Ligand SMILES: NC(=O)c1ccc[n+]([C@@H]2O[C@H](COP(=O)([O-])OP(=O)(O)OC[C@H]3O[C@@H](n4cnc5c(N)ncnc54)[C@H](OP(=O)(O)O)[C@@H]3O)[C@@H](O)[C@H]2O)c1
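Let's start with one chain on its own, the form predicted on its own, as structure tokens.
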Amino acid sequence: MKTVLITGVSRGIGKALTEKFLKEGHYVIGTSTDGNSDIKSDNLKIVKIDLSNSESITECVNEIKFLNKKIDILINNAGILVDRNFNTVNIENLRKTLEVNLIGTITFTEQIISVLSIGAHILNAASSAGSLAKTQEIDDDEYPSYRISKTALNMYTRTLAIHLKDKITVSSYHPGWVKTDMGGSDAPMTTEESAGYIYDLAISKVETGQFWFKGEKMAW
């Protein structure tokens, strides 16, 4: 049994990931903005967090540390998409997005590293929308704040991988275009399909500091 920490478990991919890890016999610590989850299990602990609020992050980290469990897998799943219909950079939307998708995620990760086990795996939910190589193949400029946040998060993955080399594996992953509130009903993947591939990545021994989708490396 591994101890797994997943952010944003109240719905979507985070909820599906929680169900998958529980089904496979692992203990899950999940976070949500209201501290609640529809999933009921003796192997699940839900902790409240607001990734846009530094005090909330510290309170969440302290509560997790109080559980006195070494974390084997950290999945930074939580994220927001604010500017879906904007084709120019709206600074207020950019600030909101970076606070959660980048700054909050990094703040939480840096504070929780001390309770990760040696050989643990940190996984950051990036996106093909944040790939500079992939961006060259598309001709629209929708949701720029989201793209900017995910590109920056990929650089954090690379930086952290160097810092934690030979101690902890750090990966970015593209979850796919998934049927969620963010992805919409036209998306080809279900949350269960996405969670299955992320689960496989999380429990695998892979090269640190890489960007993954369905078991294959992606271009940054």
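Residue positions are given as counts along the sequence shown, with the first one as 1. Note that this is a predicted model, so its numbers are computed, not measured.
One more form of this protein, predicted together with the named molecule, exists but is not displayed; see below.
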Please name which of the stretches 61 to 69, 171 to 179, 22 to 30, 156 to 164 has residues with heavy atoms lying within 4.5 Å of the named molecule in the model of the complex. 171 to 179
Tell me, yes or no, whether V100 is in contact with the named molecule in the model of the complex, where a contact means a heavy atom of each within 4.5 Å. yes
With the cut-off set at 4.5 Å between non-hydrogen atoms, does D50 touch the named molecule in the model of the complex? yes
Contact label in the model of the complex: I13 to the named molecule, heavy atom within 4.5 Å: yes
Non-hydrogen atom contact V9 with the named molecule in the model of the complex at 4.5 angstroms: yes
Are A125, Y146 and K150 jointly within 4.5 Å of the named molecule in the model of the complex, each by at least one heavy atom? yes
